[in-house]
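Below: one protein chain in two forms, given as structure tokens, structure 1 then structure 2.
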Structure 1
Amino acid sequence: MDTSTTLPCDGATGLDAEVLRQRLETLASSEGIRRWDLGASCSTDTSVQVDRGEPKQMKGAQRSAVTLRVWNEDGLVGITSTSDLSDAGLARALTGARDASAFGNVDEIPEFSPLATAPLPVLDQPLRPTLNILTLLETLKEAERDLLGRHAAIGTVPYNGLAQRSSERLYINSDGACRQQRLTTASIYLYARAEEAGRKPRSSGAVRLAYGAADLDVSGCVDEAAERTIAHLDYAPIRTGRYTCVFSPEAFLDLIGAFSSLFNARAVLDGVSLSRRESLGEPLAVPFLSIHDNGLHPANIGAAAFDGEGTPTRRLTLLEGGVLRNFLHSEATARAFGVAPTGHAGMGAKVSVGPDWFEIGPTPGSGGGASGLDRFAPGSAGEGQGLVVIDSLSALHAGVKASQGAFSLPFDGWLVQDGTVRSIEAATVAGDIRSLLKAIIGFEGPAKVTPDGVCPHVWVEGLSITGDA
């Protein structure tokens, strides 16, 4: 194979930024394109699934992808994406992007990020060796066997998987920016299904992430999946009404993630956020709630050092003392707001903006709402009230209307009443996110690290629960 068709990406050696740059410069020059940038990624994956002691499916994948953005002679921007990193593929992507640029948005023209060459944060991300797929298989079979043995009612683990990935991504532009990051990650998930005679099936599970398959906390994942599944076996319907709810860290992070357009400058400019430009500095939640976006948190496995525009990732205060302090930005939205990009951009004809990893908890010095929880302390007036613990939320894609602030979501959880804890058969929780953020009465327990962020249990009063009773 001659050099002109050598892929600048393969599973063994990863992306070659310099080869890509030289090719793009040559191709762009021949097409008369002077300004361009490019985001590329390359990965190799292996994964296994099992079914009652037998391998169900074993998968491998080699993927490459590039998104190329060009500025035409009128300064308008066009893009094209492709999985074809050959010369022919890049040439076609370049001309495709130039053709698309004729329809570029004159009202909002992206620029290179002013931070695309700023120093990057140093991340402690050890590169772990890839394990043989048969080793993955044995590990998962053992985990499944362990989980099935935890309770007679657990008959299958219908959703399970052990996967490992070696990946690389880069960002380069015609002004000389060059970002590159290599990463290895691994994950295991176990979702068990349990059924007792004459009763409905119940299901729950757990997930763990690590930098390598050998580092995964497999036994912790089995313990948590077993504990959660068994805890839902004894269930009963719940009466429809208003309840004080305790969100698990996972559930509250899911909810905040679904309404992250509150903090998203792109959504604000597009008119689909509940926040407005003038919302900065206004109270959005109870005064003891703080939310930061921190992709650099050491527990964030797979953290990106830079965003799709090459801007370094950083910790950003979103809510402090319940007051909205900052929005997430791309280059274009930051320019519109007169601030610096925050490292939350994707790459596209219209650049998307999104959060990385949330840190949610009490505002330092605020007391963290402890007085709210005192109402439920033993001997207090609220002691006899039923509490609903929301373990996990479902169907966020359908049940959240982010631009309206409304949610109506099925959930798995428990009713805590009169000293007993019983799983709830089937129910939904509904409300308005703005009302919810102002109805938080406190936090409970230490913050828990999850794949989506870190958060303690969050108590909220007065939410509508619909049940079957």
Structure 2
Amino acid sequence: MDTSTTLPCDGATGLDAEVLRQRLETLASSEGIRRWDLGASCSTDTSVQVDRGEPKQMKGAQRSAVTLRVWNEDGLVGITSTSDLSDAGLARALTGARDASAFGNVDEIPEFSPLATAPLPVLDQPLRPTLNILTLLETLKEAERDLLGRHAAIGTVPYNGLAQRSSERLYINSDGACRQQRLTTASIYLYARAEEAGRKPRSSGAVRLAYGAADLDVSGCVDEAAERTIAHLDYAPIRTGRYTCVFSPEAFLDLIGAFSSLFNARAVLDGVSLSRRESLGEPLAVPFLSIHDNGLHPANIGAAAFDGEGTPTRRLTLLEGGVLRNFLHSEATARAFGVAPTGHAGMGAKVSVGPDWFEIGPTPGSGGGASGLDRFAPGSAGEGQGLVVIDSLSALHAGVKASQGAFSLPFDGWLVQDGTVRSIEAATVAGDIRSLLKAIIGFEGPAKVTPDGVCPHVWVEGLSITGDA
């Protein structure tokens, strides 16, 4: 008798991956299917939003996604999706994927990852209890009230949210792979809008992540959102020209993420990357820059122990001393390059590849470029037009041409000139990512942990800034 009809998920006592693997093994055998794999994820989410002290949205949701692949006798792959994990539902998914395999792509045939049964890294990810949605609402209302009280010009916090999630993901295959991971996460974001008489509105915000809603640094989020917003109130136009620029950690990580196809083996094979097969070992940046992809970093809330193919996550060197050392790989791209998978795959008939979490900074022993950099120190920008501090970038999807290397992006930031610091009214920064990576002067201050990675402030010379002055 079937008792399970849909994918259960409570973040702590959900699906048993080994039981599911045994059931699938029995069902596949009865259908004459020898080779299959399954990836699944499910989550229970609770979130709230407010508007000037009143609830704007209170939402709870359960989400699930199950992908099943079957290889036929000719080695072609069929794929299907389902949320029905009853025996009848799994049998339908298996036969559906088997039927679809007749139309599989002969030029793109994935295999099981050779590391799908390798030991997994041990992650310190405590499971936290979820809070009542009314508790979340009161917490967010108090945070909004606190932020509105920080400055008379801050009139609204139009974008805000407090959310918590209990999630579970697994990967199993017919060769005995059986992966499972459970996780709880929470987040808060506050994006304030300030306006003074006769002046344009100015906005900025902050975000915080934690393993549970009770662990969130709500006051720190309020402090940062207020500080950033207030700092943009006194603005002025900037002259068009070439400037030395200082990227905030968030802005530089966004830029590297937008051009992550530089390190993506799938993009290389598809011909949509600036890199080529032969690019490994070639200099790509200044000799003191290193970039790693490290989904296992202790500060990475939501770290995955394995990818969509069951390959363990690991720290991977992308750039070391400015030289391109490795690409991000799935099983298929790794096979094409004759290397091991790196743990960056999705799941599908044609498997996607993507980065996890960047570590950016100076190469050990390199000196890290110019030393003693301080964007706000008197004389640091020299005389004349000054130094541009880029706080955040906008329109990354529209302003980046990843396959060409070009970017033209609006930004929020400040002009540091003759000892004064003033917010920039409106401007765009433009250039080529290859030229930018070779124009880095050095790094300022300790690396900062952000939701997308860890990075210090990055100084770059000679960037084109288009302003209104």
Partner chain sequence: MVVSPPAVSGTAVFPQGSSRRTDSPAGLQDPAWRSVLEHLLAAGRSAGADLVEVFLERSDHLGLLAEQDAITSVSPSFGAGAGLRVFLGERDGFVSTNDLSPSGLRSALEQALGMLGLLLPVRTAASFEGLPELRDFATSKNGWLQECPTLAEATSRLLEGTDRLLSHGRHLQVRRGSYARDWQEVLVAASDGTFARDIRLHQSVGLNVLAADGDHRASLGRRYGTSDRPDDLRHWDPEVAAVDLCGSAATMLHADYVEAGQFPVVLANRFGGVIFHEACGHLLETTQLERGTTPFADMVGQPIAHEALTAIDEGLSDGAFGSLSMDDEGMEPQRTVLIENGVLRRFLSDRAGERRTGHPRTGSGRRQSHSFAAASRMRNTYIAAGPHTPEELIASVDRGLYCKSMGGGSVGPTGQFNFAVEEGYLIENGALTRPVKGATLIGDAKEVMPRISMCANDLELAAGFCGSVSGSIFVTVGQPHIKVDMITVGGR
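For residue numbers, the reference is structure 1: its sequence is counted from 1. If you superpose the two forms and keep the largest set of C-alpha atoms that fall within 1.5 Å, you have the rigid core. Everything numeric in this text was worked out from a predicted model, so none of it was measured.
J.: Form predicted in complex with the partner chain, is that 1 or 2?
T.: Structure 1, not 2.
J.: Superposing on the rigid core, is the Cα displacement of residue 85 between structure 1 and structure 2 2 Å or more?
T.: Residue 85 C-alpha, core-superposed: shift of 2 Å or more.
J.: Could you tell me whether the Cα atom of residue 460 shifts by at least 2 Å between structure 1 and structure 2 after core superposition?
T.: It does not reach a 2 Å shift.
J.: On a rigid core superposition, would residue 420 pass a 2 Å threshold for CA movement between structure 1 and structure 2?
T.: No, the C-alpha position differs by under 2 Å between structure 1 and structure 2.
J.: After fitting the core, how far does the CA of residue 30 move between structure 1 and structure 2, in Å?
T.: Between its two positions, the C-alpha of residue 30 lies 4.3 Å apart after core fitting.
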